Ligand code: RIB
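For reference, the chain that follows is the form predicted alone, supplied as structure tokens.
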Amino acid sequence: MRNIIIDCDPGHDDVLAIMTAFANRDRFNILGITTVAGNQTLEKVTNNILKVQDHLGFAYPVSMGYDSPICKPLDVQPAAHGEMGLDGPEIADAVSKPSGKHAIEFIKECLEKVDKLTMVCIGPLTNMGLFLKTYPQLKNKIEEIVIMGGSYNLGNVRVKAEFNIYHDPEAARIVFNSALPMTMAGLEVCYSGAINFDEIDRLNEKNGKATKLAKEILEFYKGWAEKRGWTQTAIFDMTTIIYLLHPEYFDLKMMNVDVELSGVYTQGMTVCEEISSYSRINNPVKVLMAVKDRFAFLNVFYEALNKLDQECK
């Protein structure tokens, strides 16, 4: 069983990723959840995961991290996630509270207790980057960092930059230059596993608590894609969890990756270079290129909802 901490900024797709992890507790020992400002302010994204846990009946420790990037001002995303960061679902306000420990202190304590730990980073990399700078002596106990962020050749907030990396490129550069085993789920692989709008409609066939929540999340979240004339939406962050469950579902390449810190069009760009004897970058990363079978990929999500429907009454 793999020990994991989920570092996130919930966020509609963050919540669906976390729900998929909850449903696979036979595969994951979830030590806790850490939050970081990104899709919305730190207070809002923390409240979002607390109320989802309360709604579904889970109680993993939630530790708040950094409320802004290292160098840039906070740049939240209400166009995609709404004013609260999880607009759409109607669930009660959180009763549970954060742990009271800072995220990097929580990560430190967990690493001191376990042999190996996988960090699942599905928000900006501020917490992870500053953890590595603060406690470098513990970094070799990190088995892998699995990141939703970056791209091989695309952008969604800039021509060549994906949001999580663009939001805090300085932190991202620290992480990518850490020499730790790393997997990057960038925009290309997330788009290749997108869910069609008619597939969202099929969730109406089930009335379970988890499926109802997922349906309400996706009904709001698909609005960003609808405004662009698309007929499907990627569930970006969920890609990391499905990769950990089924790495065989993905095409990947080992590439050298670094992060561009400046440029009108390229700040936050993940610069991906084919590994060769002429490589100018030396940060080898598993880059997920595409989902091999979209139906098998999405079936992991549907099965997760079915499991949670049975558990969460």
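Heads up: residue numbers just count along the shown sequence, starting at 1. Because the structure is predicted, anything quoted here is derived from the model rather than measured.
The same protein has a further form, the form predicted in complex with the named molecule, not shown here; the description that follows concerns it.
The closest non-hydrogen atom of Asn164 lies within 4.5 Å of the named molecule in the model of the complex.
Residue contact check for Phe131: none of its heavy atoms lie within 4.5 Å of the named molecule in the model of the complex. When the named molecule is considered in the model of the complex, Met148 lines it closely, a heavy atom lying within 4.5 Å. At a distance threshold of 4.5 angstroms between non-hydrogen atoms, Asn156 is in contact with the named molecule in the model of the complex. Three-residue candidate spot Asp13, Ile122 and Leu187; every residue lies within 4.5 angstroms of the named molecule in the model of the complex by at least one non-hydrogen atom. Here is the short version: of Asn48, Asn39, Thr34, Thr270, the single residue with a heavy atom within 4.5 Å of the named molecule in the model of the complex is Asn39.
Contact with the named molecule in the model of the complex, defined as any heavy atom within 4.5 Å, is confined among 93-101, 234-242, 106-114, 202-210 to 234-242.
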